[in-house]
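The chain below stands alone, shown as structure tokens; this is the form predicted on its own.
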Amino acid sequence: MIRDINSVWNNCLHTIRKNVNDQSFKTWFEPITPVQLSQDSLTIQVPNKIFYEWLEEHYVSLLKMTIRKELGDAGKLEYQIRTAELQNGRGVNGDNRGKVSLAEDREEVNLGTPDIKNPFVIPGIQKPRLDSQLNPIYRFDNFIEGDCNRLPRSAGIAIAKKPGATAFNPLVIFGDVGLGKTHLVQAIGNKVQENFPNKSVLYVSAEKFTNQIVQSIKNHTTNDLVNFYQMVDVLIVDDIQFLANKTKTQEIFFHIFNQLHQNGKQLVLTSDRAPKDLDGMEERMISRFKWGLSADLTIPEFETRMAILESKMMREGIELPDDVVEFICFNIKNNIRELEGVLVSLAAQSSLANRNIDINLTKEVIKKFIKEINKEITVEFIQKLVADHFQVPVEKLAGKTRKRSIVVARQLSMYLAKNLTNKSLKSIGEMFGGRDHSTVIYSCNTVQDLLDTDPAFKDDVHVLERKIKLSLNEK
């Protein structure tokens, strides 16, 4: 029987999706293209060597299981690299396979004539230690990990262990304002200084770099500035989108970038968008940014926001009731800085007005940060709505019956309660007959699987969500 390569790979993706989180799936599996299928071998094309190394290190067991499920026990997976040569490539069966010919469009760049001297280094004398411009409070141990940032954080830790010697060079971290880009890149710099005291680390904003270029042009000291940056072992540039449409600044940064990269130095950059979306940036610059890893910081999920806020509370010595913490994290979703702002404001309001921190005070403070506080949805309301939709007695949702129609309604009610209320998992479980938080988690995972596989069930959920939104508008 002749099998279609896309069907085989889609079947593989269906299995993989069930075993990884959404962010990992989008990052590491959606960009893969199937290119060749034989009786017992599937060849996939990945964008670069980083993908190959990451898949082999983190997902080899999952891939092996998936391929053998589709192709049988003798099934093998082989790789093609789209843009860089992979020497001694090997498939997940352990054989040496998949060697392909690739070429990167790297240019040789001459930064100036050999007789230009570095004014900051005297021959025979060790170069002075640079002021790194790093904030010591930004560290990995107070940067909370979640699905929203696991990839860039992991890459940052790898860089801190071997700056300039990993495939993550440059590392470009992108995402919206307030998601922790500056914290993460400065944590990388601080860890490098801790691990390698003799290495020069420099953090600079793109705006400050541009101002340095302007001054150097005015003072005819551009070569001195370039030579200064060539001293750096780890260069961290924040907000590179501000280099857009600045032709001369981009030209000088291009030369600095190339020289550092060719000498095995590490570059770490941040941006508010992916390199491919940087308008006003020269193509050769964008090409350089794509040499390494581009990793995005996304909006943290509720549990990660809770962990971030609790970490900040511990650092600031502030205590908040559990219901206040959950209420803040339910309403402040898009900006980590706002979490800290709410925390500081609550502490100030409580102290100045001599008021206890409770839900009412929290609502007053949050109004300054968001236009409208999410109207409260109760678990009881969700239970009644779901029970009516599935035509089951609402009291059965808290009972012990295992009848399928009631089990599905109960699990869906828990799923909606977790996503649409500010209740903790423990609180939700208690409202369904005293069940524990692990039952709520299992129910949510079961509902998510049904959403991915059952179109009719997905339609039911959409109908219920619309009813909830309509009911809020009526209040």
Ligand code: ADP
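All residue numbers refer to positions in the sequence shown, first residue = 1. These numbers were taken from a predicted model, which means no experiment stands behind them.
Just so it is clear, the following notes concern the form predicted in complex with this ligand, a form of the same protein that is not shown.
Though this ligand is not shown, can you say which of Gln262, Asn142, Thr401, Thr247 has a heavy atom within 4.5 Å of it in the predicted complex?
Looking at Gln262, Asn142, Thr401, Thr247 one by one, just Asn142 meets the 4.5 Å heavy-atom criterion.
From the list Lys76, Arg150, Lys312, Lys199, which entry has a heavy atom within 4.5 Å of this ligand in the predicted complex?
For this set of options, the contacting one is Lys312.
Tell me which of 383-391, 160-168, 304-312, 274-282 has residues with heavy atoms within 4.5 angstroms of this ligand in the predicted complex?
Careful reading of the contacts points to 304-312.
Does this ligand come within 4.5 Å of any heavy atom of Ile336 in the predicted complex?
So Ile336 counts as contacting this ligand.
Indicate whether Val177 is a 4.5 Å heavy atom neighbour of this ligand in the predicted complex.
Because a heavy atom of Val177 falls inside 4.5 Å of this ligand in the predicted complex, the answer is yes.
Is Tyr138 close enough to this ligand in the predicted complex to count, meaning some heavy atom within 4.5 Å?
Yes, Tyr138 is a contact residue.
Going by a heavy atom distance of 4.5 Å, is Lys396 a contact of this ligand in the predicted complex?
Lys396: no contact with this ligand in the predicted complex.
Residue by residue through 179-199, which ones have a non-hydrogen atom no more than 4.5 angstroms from this ligand in the predicted complex?
If the 4.5 Å heavy-atom criterion is applied to this ligand in the predicted complex, 179-199 yields Leu179, Gly180, Lys181, Thr182, His183.
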